[in-house]
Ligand code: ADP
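Encoded as structure tokens, the following chain is the form predicted on its own, with no partner shown.
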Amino acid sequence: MRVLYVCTELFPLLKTGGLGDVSGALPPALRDAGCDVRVLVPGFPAIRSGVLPSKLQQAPAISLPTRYGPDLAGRGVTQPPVLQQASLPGSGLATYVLDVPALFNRPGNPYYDSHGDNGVRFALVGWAAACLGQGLDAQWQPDVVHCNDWHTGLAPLYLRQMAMPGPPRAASVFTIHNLAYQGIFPRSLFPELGLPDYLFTIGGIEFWGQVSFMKAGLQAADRITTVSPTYAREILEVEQGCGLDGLLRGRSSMVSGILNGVDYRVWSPSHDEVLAHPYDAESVELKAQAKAELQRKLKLQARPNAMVFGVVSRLTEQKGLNLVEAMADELVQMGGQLVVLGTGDAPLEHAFVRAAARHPGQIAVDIGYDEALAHAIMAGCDVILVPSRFEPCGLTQLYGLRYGALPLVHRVGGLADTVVDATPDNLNAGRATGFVFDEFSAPALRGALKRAFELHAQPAAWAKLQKTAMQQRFDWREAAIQYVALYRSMKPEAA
């Protein structure tokens, strides 16, 4: 089974969120499950510098046809787009890098539309994927093109409609990592996409008078997946369907949820290079040293018995962090400490900074992202807060489980699929792994915080809960097996 995995970020080369972690871990897991996997990524600076100089394969560049597909006129593209071939460092996976410096070789956030050309940039990613799916590389042709989020949404549509003469030769899978981010562009972009006029309709990619790359993927893909089973059900309803619930209900037989996994080579306290004192479920008492180190590092008061609550997240309302900010003063009054790492909405960033100023030594805020600090927070905090309003899967709570940082989550999406509430019955049965609240509100969050404080005051019960949490496994191997089964259901002759 030959699989082309199409993504726009890839840990450890480029990561802005969970998509980077997924893309860094799932393709190697698919290879281990028996697939012949290659990755397609755009040539952002971090990817170019991490992959292209090695030229590990010494394979020739592949020219991308431009007669059809996105119109690059006036975009500063002076040379035909090419696909450079290389191998990913570490995994050695064969990789196609879409090398168009005028479009991708820019500093900063890869999705920031500083030139007003994101529509053309990411349409070209989809075009490249479709061309490979139709046999552009004479040496290797995929059976399945696996696309991820709106940035790759045009690939299934190009694959069906425009990429080279003849019927599509590869099946397509489109994975929704977050339906709220849809790749919406003005109507004026449509003529530049190289698509027939009839596709700018409600039955095509038109969305309230604009162009939706997400809708393109949902309309054209042979199969649609989400990153957790619960989220696959939630997006069929109005509340979380983001205006596309009707389309998804119409294709519900093609929608399934496959839970994300964790790359335990990267996220495991037993061999985390950030930690001076590694630990595991049998030596969880060493976590106290990571806590003391975190307090020292972030200039929190050295209080061994204080409950340290951690946030490692985009600072947005979607992540429920407005609730955390509203509870910050009360959390400190309860005797807790709060550590926040992330960036996002400016008003929320400023609110957390003000909270830290009100409570020096009890609240620490780092606006930005630091991979090493994220690991240190997982190891050093007692509870990791993930109170998302909606959450397709969430990786943060999975990392927290592994590190004995008990997740406190809103019962939604992948959070509902992965965290078992510490009710008396679940505690007695040895099933509990964290704290879950149902209503998305400050009072509901307050109730969960109080339950956490109460259990923390019982050291034996707390240690048992930590050990249960750390013993949970959300391995990419299981996710890969499910994806392979999905691929084979579409291309049984390739199995």
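Quick note: we count residues from 1 along the sequence shown, nothing fancier. This structure is a prediction, so every number in the text was calculated from the model and none was measured.
What comes next is about the form predicted together with adenosine-5'-diphosphate, which is not displayed.
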{"item": "Candidate stretches 315 to 323, 277 to 285, 249 to 257, 229 to 237, one within 4.5 Å of adenosine-5'-diphosphate in the predicted bound form by heavy atom", "value": "315 to 323"}
{"item": "Exercise: Leu300 in contact with adenosine-5'-diphosphate in the predicted bound form, heavy atom 4.5 Å", "value": "no"}
{"item": "Close approach of Gly342 to adenosine-5'-diphosphate in the predicted bound form, 4.5 Å, heavy atom", "value": "yes"}
{"item": "Contact flag, Tyr369 vs adenosine-5'-diphosphate in the predicted bound form, heavy atom cut 4.5 Å", "value": "yes"}
{"item": "Contact of Ala374 with adenosine-5'-diphosphate in the predicted bound form (heavy atom, 4.5 Å)", "value": "yes"}
{"item": "The unique member of Tyr399, Trp127, Phe309, Phe352 whose heavy atoms fall within 4.5 Å of adenosine-5'-diphosphate in the predicted bound form", "value": "Tyr399"}
{"item": "Gly380, Pro269, Pro387, Gly394 - the one with a heavy atom within 4.5 Å of adenosine-5'-diphosphate in the predicted bound form", "value": "Gly394"}
